[in-house]
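A single chain, nothing else alongside it, follows as structure tokens in the form predicted alone.
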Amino acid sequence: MSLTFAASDVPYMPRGVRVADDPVRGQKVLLAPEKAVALDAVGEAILARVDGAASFGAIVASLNAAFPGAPEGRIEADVQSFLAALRARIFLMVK
């Protein structure tokens, strides 16, 4: 099984996984049963677009529109790397 995403793949967070505010650290975290991952601004921007309806291609296009000064190829590579890492740890699934 490949962990990379095709443009038409729709990532989603499985039951029990969610983004939440961490008042102690003053930032967002990705929570799963017995796991927590602190998110930086980039991770937060990416996961804000993972809604179970948007495809990988749509997520990348949305980020390209939100950050017009960033190189499009770089955004796609960064999103691919980030989401593939989360998929490997079962924080994300694909429809």
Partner chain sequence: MSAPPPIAMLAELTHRCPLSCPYCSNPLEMVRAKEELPTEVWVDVFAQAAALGVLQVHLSGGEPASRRDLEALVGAARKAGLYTNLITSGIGLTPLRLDALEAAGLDHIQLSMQGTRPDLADWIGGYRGGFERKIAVAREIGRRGIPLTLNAVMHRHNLDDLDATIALALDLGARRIEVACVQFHGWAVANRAQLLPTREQTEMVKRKVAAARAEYEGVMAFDFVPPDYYSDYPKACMGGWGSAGLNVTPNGTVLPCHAAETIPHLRFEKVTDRPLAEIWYESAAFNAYRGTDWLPEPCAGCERKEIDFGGCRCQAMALAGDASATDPICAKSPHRARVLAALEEVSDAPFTYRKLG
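Numbering follows the first chain given and starts at 1. Because the structure is a prediction, the values reported are computed rather than measured.
Just so it is clear, the following notes concern the form predicted in complex with its partner chain, a form of the same protein that is not shown.
The listed set A32, L39, V50, L63 contains one residue whose heavy atoms approach its partner chain in the model of the complex to within 4.5 Å, identified as A32.
Shown alone here, K95 lies farther than 4.5 Å from its partner chain in the model of the complex, counting heavy atoms only.
Under a 4.5 angstroms non-hydrogen atom cutoff, its partner chain in the model of the complex has G16 among its neighbouring residues. Although the partner is absent here, A6 is not a contact residue: none of its heavy atoms lies within 4.5 angstroms of its partner chain in the model of the complex.
Taking the partner from elsewhere, R74 is found to have every heavy atom lying beyond 4.5 Å of its partner chain in the model of the complex.
Shown here without its partner chain, the chain has R87, A88, R89, I90, M93 in 57-95 lying with a heavy atom within 4.5 Å of that partner in the model of the complex.
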